[in-house]
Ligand code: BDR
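Encoded as structure tokens, the following chain is the form predicted alone, with no partner shown.
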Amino acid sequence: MTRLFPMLIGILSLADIRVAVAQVDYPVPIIFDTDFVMPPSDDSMALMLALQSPEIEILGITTVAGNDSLERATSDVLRMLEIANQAGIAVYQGADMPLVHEKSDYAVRKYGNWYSNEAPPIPPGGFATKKAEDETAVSFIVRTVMSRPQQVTLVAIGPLTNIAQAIRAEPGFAKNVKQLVIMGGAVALLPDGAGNMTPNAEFNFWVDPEAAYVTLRSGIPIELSPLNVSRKSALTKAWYEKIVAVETPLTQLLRETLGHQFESEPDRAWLMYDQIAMASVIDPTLVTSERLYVDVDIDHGINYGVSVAGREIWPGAEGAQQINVQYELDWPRFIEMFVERVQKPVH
């Protein structure tokens, strides 16, 4: 009997988890915060997944400088909405620079064009006729969350500048956000935790470390999707060919923008970053997470922008909050869902 009792407790605990997942209210209202660029950018494919998933209600899209300039993020996402026949979704322009981080020779050499003031390139099919709203991203985020307390999920897949500004703009904002899902960071405590911008820093956090610091310490319930879980993915040519086997406006866009990549590098496997963060909102059972304290180094030295995690608070991280950190992915179920959703007819 002593052996049976813990087993029963385990079974009951698993049952409770399944019930909790089953009782998620769909569709989930989200604000999609993005440093958007057309395919092969992961932001664009994450938006495809969100647009094609009935479990998601996009209340608005907010743009931020990151992968490229704010102007390109806005131009590209407006065009994507037209391609997807979703021009009714409003787009709001956000921060065009990080809170503190300045352009550097290293930033220019390494990756991203977040510091650019150049005019955006013409997106596939030409510039959108749809325009961004006059209201700012921060104003929209704050207004929407405060009008629907504990209802709105923020999905932030670029630098966290807009989110940090919203936190600072309204004292009651953080406690009224239902959940914040972030693609960002790299956790050395867990497997596959190296950085992709510096040896230990992930791109989104490195572009605006101060914004990540403010956001992670805000007390908002956070689900972090770091590089650790992204490295469990591999979009190969075989999976790409399955996606584009069905002709839709979205698969045609992927064929035009991603096809030549696989023609020139047929053995390449693309990691999927923002797509996993978005998928975890649609189906939380696709990922496995651990509760960790996570903080960000904002000292302007060799560890600038590095996310640091621990199972207990350590000296210097007394203000760090405990959040969910994804580290494992059910790749077969994820990629099958991604292919099925992107292939669906646009409405």
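Each residue number is its position in the shown sequence, starting from 1. Model, not experiment: these values are computed from the prediction.
Keep in mind that the form predicted in complex with the named molecule is missing from the display, and what follows is about it.
Exactly one of the stretches 232-240, 169-177, 267-275, 143-151 approaches the named molecule in the predicted bound form with heavy atoms within 4.5 Å, and it is 267-275.
At the 4.5 Å threshold, heavy atoms of Met183 reach the named molecule in the predicted bound form.
The named molecule is not drawn, but in the predicted bound form it has no heavy atom within 4.5 Å of Ser280.
Taking non-hydrogen atoms only, Asn67 approaches the named molecule to within 4.5 angstroms in the predicted bound form. With a 4.5 Å cutoff on heavy atoms, Asn200 does not count as touching the named molecule in the predicted bound form; it lies far away. The partner is absent here; in the predicted bound form, the one residue of Ser218, Thr248, Gln165, Asn196 having a heavy atom within 4.5 Å of the named molecule is Asn196.
Distance criterion of 4.5 Å from any heavy atom to the named molecule in the predicted bound form singles out Ile157 from the list Val187, Leu224, Ile157, Val77.
Contact check at 4.5 Å (heavy atoms) against the named molecule in the predicted bound form: all three of Asp43, Tyr111 and Asn204 pass.
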